[in-house]
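Quick heads-up: it's one chain on its own, the form predicted on its own, in structure tokens.
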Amino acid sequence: MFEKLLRIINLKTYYFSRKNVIKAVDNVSLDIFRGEIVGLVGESGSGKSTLGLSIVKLLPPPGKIVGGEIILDGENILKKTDRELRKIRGRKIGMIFQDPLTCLDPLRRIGDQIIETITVHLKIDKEHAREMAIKSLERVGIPPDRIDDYPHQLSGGMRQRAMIAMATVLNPDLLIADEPTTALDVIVQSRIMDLLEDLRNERNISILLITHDIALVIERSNRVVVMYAGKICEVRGAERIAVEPLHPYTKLLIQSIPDIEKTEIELKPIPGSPPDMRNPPQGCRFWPRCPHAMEKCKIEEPQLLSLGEGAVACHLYGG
């Protein structure tokens, strides 16, 4: 787990309109090691999904990467041509999108969509590709006789499994899972996460798990990355961040998790709302909601400071 698979260096991804520039990902740096699960967590609008889409360069307009580097296995993805990127997507990087019903082609059978993924990258005939598709579906718990079903004939959990089968059929090095358990009941959520962990263990795949559920990433990830308003505010091991969160935002996120074993503890919602990214606050972007805000926080932006096994961007640390 000490070999770096992906390096994101000072990444800047902005959305441009006639009047405003929204800095959705603003100078973000992050390493992902081979064979680890990294949980990327934060409220809606924090830039999590934009970061995931930036890695595979599938940003919707008017989004644009304006700076930084994304290095996969020593190669800068941002310098690749569209043709070169098509060889990387699916082959080296798999992507599980938020809503499989809208991401799967409703007019094509599940099997045909997986077969196309295979034949685009491998020079094999369709019969062999169909066998690979069946094995991929079986691996995620879908019976072979469902290969000719259309997406609407599958349940929400099965559609998500089909999406995972498509994303992992070519054994990618990195799997980006963007809200893979959203809109699923808790039992199906657990099965999907078990499946992702099994794939990681069997194939040494690195997984970037993007979600708003900090309890999920603490339970299932090796490391947790907390984003707020386009910036990383804390990076720590999952076990450490659960018992000793450093950033005030991380602490508030954890305090908002209900605990059925501690019913006497009152839940504490995070006060206020996320900032308007068209005009974010000066200094630390969290200071208007922070219980520890100082005058310095309103003026000077905190830098990500390495602390032992993790890092935190807060003026409460490092003087």
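Counting begins at 1, following the sequence as shown. Worth saying up front: this structure is predicted, and the values here are computed from it rather than measured.
What comes next is about the form predicted in complex with a small molecule, which does not appear here.
In the predicted bound form, the small molecule sits within 4.5 Å of a heavy atom belonging to residue 45. Heavy atoms of residue 277 reach within 4.5 Å of the small molecule in the predicted bound form, making it an interface residue.
Residue contact check for residue 49: one or more of its heavy atoms lie within 4.5 Å of the small molecule in the predicted bound form. Residue 60 belongs to the set of residues with a heavy atom inside 4.5 Å of the small molecule in the predicted bound form.
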